[in-house]
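Taking the form predicted alone, here's one chain by itself in structure tokens.
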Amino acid sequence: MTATQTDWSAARYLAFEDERTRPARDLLAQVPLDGAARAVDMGCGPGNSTELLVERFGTAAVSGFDTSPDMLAKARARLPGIAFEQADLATWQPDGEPDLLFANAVLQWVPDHVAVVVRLARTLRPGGYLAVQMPDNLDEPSHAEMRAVAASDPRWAARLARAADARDAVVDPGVYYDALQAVCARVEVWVTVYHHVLEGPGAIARWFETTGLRPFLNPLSQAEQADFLAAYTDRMAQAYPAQADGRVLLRLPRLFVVARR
């Protein structure tokens, strides 16, 4: 397995940039900050969400970090005036007290992320905000069929038995509310269900190839990856029937949390 296979692919991720940026835009719209001296994009990816923070608060106020060298390279090329660093959200700690900690579709990859959310909220300045968005789709066909394909073929079933454990489950909204209410003055929690318009079942596979499918594909050889993706795409065609124009609607629930310190 090469390094490029195990790292996140920024180019493939950005193939769906508009759709992936929409929840980040919706999240930021619910943060009632007039200005910020320091806003951090946690798990910044290729910089598409960071760009929203720059447009809102200015270059001097914004920084970002990610674990992926490829994502960071794209973010630095996109926003050369921003300080980006390689860091792990599970252990990262800000210097000083940020005005905004922003996490778009990253905390689901962090073990015990509820505790991490509370730890991060404690670092905010009084009146500062934590803003979080996570896909809540482990029970959707898109992810149920990943697990089904993983268990269906003896060539890889044993190797992929724990692949689903790579991602932390999004829990009931009340859990986040109770955990953050203990350290924050105000907590808002809601779920939005998106229906992303994609070109067909193959596009669903390409969407998740850079995210949810990574733990299932990384242990496999290139030939096995191709077979896995073919089987998965066939299942997507059954789970997401074509609309009148031939496109499909990828149903994707997302959990949002905005908390004020």
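One-based numbering along the sequence shown. Since the structure is predicted, the reported quantities are computational estimates derived from the model, not experimental observations.
From this point on, the text means the form predicted together with a small molecule, which you will not see here.
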{"property": "The small molecule contact in the predicted bound form: Ala87, any heavy atom under 4.5 Å", "result": "yes"}
{"property": "Touches the small molecule in the predicted bound form: Ala105 (any heavy atom, 4.5 Å)", "result": "yes"}
{"property": "4.5 Å heavy atom contact, Trp109 and the small molecule in the predicted bound form", "result": "yes"}
{"property": "4.5 Å heavy atom contact, Thr233 and the small molecule in the predicted bound form", "result": "no"}
{"property": "Interface segment, criterion being heavy atoms within 4.5 Å of the small molecule in the predicted bound form, picked from 37-45, 219-227, 54-62, 197-205", "result": "37-45"}
{"property": "Single option in Leu130, Met71, Met134, Ala150 placed near the small molecule in the predicted bound form, where near means a heavy atom within 4.5 Å", "result": "Met71"}
